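Just one chain follows, in the form predicted on its own, and it is written as structure tokens.
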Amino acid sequence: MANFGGHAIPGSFFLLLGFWLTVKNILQHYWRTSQPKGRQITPPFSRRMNYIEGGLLIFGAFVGIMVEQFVVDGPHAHLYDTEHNSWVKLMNWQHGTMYLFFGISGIALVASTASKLVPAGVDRLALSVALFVEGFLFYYHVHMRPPLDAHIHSLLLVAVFAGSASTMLEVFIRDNIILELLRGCLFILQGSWFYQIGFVLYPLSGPEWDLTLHDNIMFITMCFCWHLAVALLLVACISSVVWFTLKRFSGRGQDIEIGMRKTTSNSSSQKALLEESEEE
């Protein structure tokens, strides 16, 4: 991650995951609210979306680990150099460990979707643990760094640990749309903040940031609040668009169904009248 691309890649991953979770959770919530009371059947589209999400998490984790290990200046699966008595690229090993736990959460999601023997909530628990591990490693990732560098990474921990806490609540409070949308919002916030870290530490153009200036720390703190506001706005807009689109298409389907029923009833009544007239 010691360049802009190293922050943009996980940022893009978390942004896409946040958008995906927002759309998926709204679709599932619409299905739950439109079903008769007491019906708890999982719709086929929900199972397919869980398989896709779990598969992408596993694939993304595998690719991330391989890249961290076997990039040109990577550790190449060597943890300790006995010749020089030193650790080998511990930063790459930490990033690979983060990816590992997200891969485990993908496996838990696929397993809980495929088998009823897996207790409900295991997928949320695994994702909460993955986020906690990410925050835990990042907390000890920024020691002995310039003030702005340490501060901008510590703000990332707010989104990470908040996401872990809200996901853990979903283990015990199932099918709560507020918590589900909050999870998507915090993933979007985390993704956009990865981009912000990249722009600050590795600017693509313009002057470099003074990593010791207190005013820059104040601005970055305010900027984090702006990112949160944008994330909330995006989740609200996406949810509204998906919800009203579903309402519109489901309304059309109901109109067609009612029209077919009316046509059927009219044709049956006309047939009955013809039969009566023939008898007379």
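All residue numbers are counted from 1 along the displayed sequence. Here the structure is a predicted model, which is why all the values come from computation and not from measurement.
The same protein has a further form, the form predicted in complex with another copy of the chain, not shown here; the description that follows concerns it.
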Check Pro146 for me: does it contact another copy of the chain in the model of the complex (non-hydrogen atoms, 4.5 angstroms)? no
Decide whether Leu79 counts as a contact residue for another copy of the chain in the model of the complex under a heavy atom distance cut-off of 4.5 Å. yes
With heavy atoms only and a cut-off of 4.5 Å, decide whether Pro119 touches another copy of the chain in the model of the complex. yes
Do His153 and another copy of the chain share at least one heavy atom pair within 4.5 Å in the model of the complex? no
Report yes if all three of Leu90, Phe172 and Phe244 come within 4.5 Å of another copy of the chain in the model of the complex by some heavy atom, otherwise no. yes
Out of Met66, Met218, Cys237, Ile52, which one falls within 4.5 Å of another copy of the chain in the model of the complex, going by heavy atoms? Met218
Taking only heavy atoms into account, state which residues of 213-229 are within 4.5 Å of another copy of the chain in the model of the complex, ordered by sequence. His214, Asp215, Asn216, Met218, Phe219, Thr221, Met222, Phe224, Cys225, Trp226, Leu228, Ala229
